[in-house]
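Quick setup: one chain, the form predicted on its own, written in structure tokens, and binding and motion questions come after.
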């Protein structure tokens, strides 16, 4: 057994009603002029942040957009500089936290993240920008939030139709962390527990949207997934999702939901132990099939054609995903990737793998 495990300095504040601790956390960081960031639809949450911060609030930037277009990031950076901000509070999902990271990538100023979905971005040093139609990603410790406040009460308004794909997005982080080249036993334990928590809680969230216990367990799983995402170098699944989202403007969480069973099936022969752990955590003997069935049970999309992908773009997508090398358990072949995309486009259930 050989591995390297590096602990990441993120302060996690977890529990119902914990948003009330925001001002206290800002004081711990010594912040005096804080920009509240949200999407246009979630501006009311940014206004709630302003109210909680009082005189420490410098303003609101409520223009976060999916996949963080470069123009949006540049406008946000200019506004933060104009206001003389010394930190940011990002409240919302991956788009909002991604925008805060894009600002911090240039300024190096601290982020307090308050996630209201299960994206996991809040626990990572991964940034992403869409430039000229292509999503580019990287890692930089300047963008990792210093504090993350997980308040499950803030997720009660997340509709099941959004919560399901968002939760499977988080589950995907756990799956790929199990076979990552740099995963440690600690991260693998967190990933398996994250799969267990998410696969049990998401059906509850779908059936009983106001069940706070279910929402809490789902957010706990999302935290573990984010920690796994932040500590491991991920493979084919995430590469495909970033490419499909950035190059074809497909919704991020839904892409994860659709691709995950097929990426798991692709990697199963090369990573049987990892996929066996996925199956065990889900109470199954067939990990790719269980992942597909979970998405279907949640009413989430299971076919790329249903979220705007065009069949004639599949060849270009296969070429794009192979343009740059990245680690993955199974060798990447043009024919294999093209078949994976075809299966995902049509929404075929992966054939049983026994893991």
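Positions refer to the first chain, counted from 1. The structure displayed is predicted, hence computed values, not measured ones.
There is also a form predicted together with nicotinamide-adenine-dinucleotide; it is not shown, and the following applies to it.
- The stretch in contact with nicotinamide-adenine-dinucleotide in the model of the complex, judged by heavy atoms within 4.5 Å, is 90 to 98, chosen from 198 to 206, 259 to 267, 179 to 187, 90 to 98.
- Remark: residue 249 does not count among the residues lining nicotinamide-adenine-dinucleotide in the model of the complex, judged by a heavy atom distance of 4.5 Å or less.
- At a distance threshold of 4.5 angstroms between non-hydrogen atoms, residue 174 is out of contact with nicotinamide-adenine-dinucleotide in the model of the complex.
- Taking the partner from the other structure, nicotinamide-adenine-dinucleotide in the model of the complex has no heavy atom within 4.5 Å of any heavy atom of residue 233.
- Although the partner is absent here, residue 67 lies within 4.5 Å of nicotinamide-adenine-dinucleotide in the model of the complex, judged by heavy atoms.
- Only one of 229, 112, 278, 219 lies close to nicotinamide-adenine-dinucleotide in the model of the complex, with a heavy atom inside 4.5 Å, and it is 229.
- Of the listed positions (159, 283, 133, 108), a single one reaches within 4.5 angstroms of nicotinamide-adenine-dinucleotide by any non-hydrogen atom in the model of the complex, namely 159.
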